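This text opens with one protein chain seen in two forms, each one given by itself as structure tokens under the names structure 1 and structure 2.
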Structure 1
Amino acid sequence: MQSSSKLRGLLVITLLPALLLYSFFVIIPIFWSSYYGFFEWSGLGDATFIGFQNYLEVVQSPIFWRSFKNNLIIVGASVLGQVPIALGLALLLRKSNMFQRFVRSAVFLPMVISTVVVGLIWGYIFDPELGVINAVLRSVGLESWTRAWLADPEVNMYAVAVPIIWNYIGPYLIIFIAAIQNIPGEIEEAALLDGATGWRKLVYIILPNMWGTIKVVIILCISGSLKAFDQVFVMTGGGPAQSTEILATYMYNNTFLVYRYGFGSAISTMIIILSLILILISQVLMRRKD
């Protein structure tokens, strides 16, 4: 009993610095931002208390809901793109020979590159005149398919989602490989003796044992997609005509370009609320699946 108390005390002592830093840099700013959402403030001078006016303006703004819709496109593309691709690669690369370690490093490499650099690279790839995509289409006789990928409102949000998917497959790949390697070997051996191979082994052995990890990855996908900013800001800045505006760029433009710090704080609070709602919905749906 005494050793258990000492262990808990040690855990508290070791975790306390991280919790304090997290509270100081994350939790407190969230509440501080929510507080400033009740004020009209330009960033200089005195702030004027206006109650819920900023929050009402946010929920009544068609641009805000268009931005949320664009964010949902990114969320859907990330969950349906990053998770299956990372899981498939994890199943192929779970062994640890030289070739598979090289492929793992190559898949993880985009995560190491600055997101601003990623945005610049893909901006050039999607360039209508000099971009690789249009050049390849022209070379194979599909010139009618070429277009200004980042300027066409019909496709630009899907084009913007591609580098976000590509950028974050690596971390989820590592998480999935770790989860697969933690499946007890006895279970896999028993499954083989019972004739569970191929797809049956995947469906009845691997996926059920990884389900907790998959749920965590989906939560990370949703939260990460709702705070996406860098790539979109670098490639389009939310344009043209706000057709690629997402919640983070909408908040940034209102806060730092037109100096409405109170309104921008209200937007950031709404982003957090919407993130929690989507995560809660995903948890309910996955609990039913479980």
Structure 2
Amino acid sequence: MQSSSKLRGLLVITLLPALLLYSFFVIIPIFWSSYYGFFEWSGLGDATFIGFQNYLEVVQSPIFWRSFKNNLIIVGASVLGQVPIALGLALLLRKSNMFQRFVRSAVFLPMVISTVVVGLIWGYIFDPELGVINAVLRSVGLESWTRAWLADPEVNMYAVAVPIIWNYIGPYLIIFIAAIQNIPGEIEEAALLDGATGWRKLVYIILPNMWGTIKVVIILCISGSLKAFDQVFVMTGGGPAQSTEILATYMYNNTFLVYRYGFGSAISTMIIILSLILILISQVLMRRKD
């Protein structure tokens, strides 16, 4: 069909830019930072090679595993929060009238706001004395439920997860709406003729047709929430007493507050490894259902 040299030329033109960017901005930094993980380095002056010590310290650090657990809480909250909410809203917002478009936009809106502002606003909402949540609880007589939401280690990780969920429902909602509109009209009509309406239609027709999309969204959701950093960083900085530390803030704090570049790099490498493992597991689990 086409000569091989011409194909090679085409490949170079189409793929080379992407591959170059990929290696420079993704691959090389990964290897570079895992290499720094073998050094004791304060960022200034000379680095000393110390073998696997940093990596060992990471694996043995209880804070690292606590951070990992906190990351899993965010992943869990995102998957269990964002996906059902987005799916539910998508089922309700299938029409495209003015009103529904307004609600859709409202749900999408949080995405356009910068994280610094997200952090500050939710700081307001969670404030123990002035905050909306405690004010509401007090007004309905649930005084005993009021808390310092971001300071109390028993609840603060869940409190931090709420703005993250809120922040990113929008894009998933849009993906789901698109998927529903993609369900061929004949199927729905056939279902109607069979008398399938309401819940039955939902369970037997709509959801099975969307399973593929739901899977993709779950994967996106997992990888997205593994990357969570900004929100936690601005709301708590990982504190108090490292109770809301997640992997990325743990890495950041060790690198930029404690100036342990080597140790921070070792954490980075571990984060990458853990992320890949998690994604792999979720891929395998979902593939089996096919």
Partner chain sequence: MGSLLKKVSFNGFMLAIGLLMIIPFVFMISASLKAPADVFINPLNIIPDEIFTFNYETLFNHEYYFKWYWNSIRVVVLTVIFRGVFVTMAAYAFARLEFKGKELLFLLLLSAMMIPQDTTIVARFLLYGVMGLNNTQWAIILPATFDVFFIFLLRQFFMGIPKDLSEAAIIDGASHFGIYFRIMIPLSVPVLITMTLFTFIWTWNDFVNPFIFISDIEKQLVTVGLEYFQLEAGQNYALQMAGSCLIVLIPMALFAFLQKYFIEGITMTGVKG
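If you superpose the two forms and keep the largest set of C-alpha atoms that fall within 1.5 Å, you have the rigid core. This is a predicted model, so every value here is computed, not measured. For residue numbers, the reference is structure 1: its sequence is counted from 1.
Here, the chain labelled structure 2 is taken from the form predicted in complex with the partner chain. With a cut-off of 2 Å and the rigid core superposed, residue 216 has a Cα displacement that reaches or exceeds the cut-off between structure 1 and structure 2. In the core-superposed comparison between structure 1 and structure 2, the C-alpha atom of residue 150 has shifted by less than 2 angstroms.
Once the rigid core is used as the reference frame, the Cα position of residue 132 differs between structure 1 and structure 2 by less than 2 Å. Superposing the rigid core and comparing between structure 1 and structure 2 gives a CA shift of 3.5 Å at residue 206.
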